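Given next, in C-alpha cells, is a single chain: the form predicted alone.
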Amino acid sequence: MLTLYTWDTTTGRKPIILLEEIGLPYEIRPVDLEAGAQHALEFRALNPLERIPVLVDDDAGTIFESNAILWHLATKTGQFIGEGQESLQVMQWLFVQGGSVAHRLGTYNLLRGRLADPQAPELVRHRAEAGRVLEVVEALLTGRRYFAGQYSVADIAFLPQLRREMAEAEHTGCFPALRAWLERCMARPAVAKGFTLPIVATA
C-alpha cells in the first residue's frame, strides 16, 4: 500500500502526477500547511523536517523529499527512469531541480510576493538568477522533447514549478522551447489529472 502525505503546492503535486502515470493504487492524506499540520507530532514522526510530501510504502518504509519519492517510485516500477546513460541524466536533472532550480525560482517568487518595489536590489538580483535558470532550461529543451531524452521523472520534477513560472505575465512570448515542452507534458492525461485531483483524504 502507498500512502501519500501532501498538500497543494508545487512540490506536493509531483508525486501525485507520477502515481497517476504509473497506475499504482494509493491513498492521499492531506497535510494542511496553512493550518500548521506539518508541525504536528504525528507528521513530524514521518518527516522531522516538517515538510511535505512524504510517502509511506508498506514494502519499503517512509520516504520524504519530493524527488527522492519520484526516484523511489520510478525504480520500484521500472517506469519513467530510463536506462543506462539516460537513467544517469534523469538522476542528474532530479538533483538540479531539487537544488539550484527549486531554490532560485522559489526565492524569487517569495521575494516577488513580499517586496512592493520591483526595482528593489534584492529582487533585481534574484530576478536575474531566475532568468538565468529559465535560459538554461530553454537551451536544453531547444532541439529535444524532454529533459533526459524520453519523458521521465526528470520532467515531472520540473513540471509544477516551471508551469507556475511560465504563467507569470513577465514571461509572455518568451521561452518557446520551454512552452512547447510544457504543452507536451500537460497533454498527458495523468499530468492533467495530477494537477486537478483534489487533495483530500481518500481512505
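None of these values were measured; they are calculated from a predicted model. Sequential numbering from 1, following the sequence displayed.
Only in words, not in the display: the form predicted together with a small molecule, which the text now covers.
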Check your understanding: So, in the predicted complex, is Gln150 in contact with the small molecule at a 4.5 angstroms heavy atom limit?
Key -> no
Check your understanding: With the partner left out of view, is Ile156 within 4.5 angstroms of the small molecule in the predicted complex by any non-hydrogen atom?
Key -> no
Point to revise | Partner contact for Leu140 in the predicted complex: the small molecule, 4.5 angstroms, heavy atom | key: no
Point to revise | Any non-hydrogen atom of Leu33 within 4.5 angstroms of the small molecule in the predicted complex | key: yes
Point to revise | Options 132-140, 173-181, 22-30, 50-58; stretch whose heavy atom lies within 4.5 Å of the small molecule in the predicted complex | key: 50-58
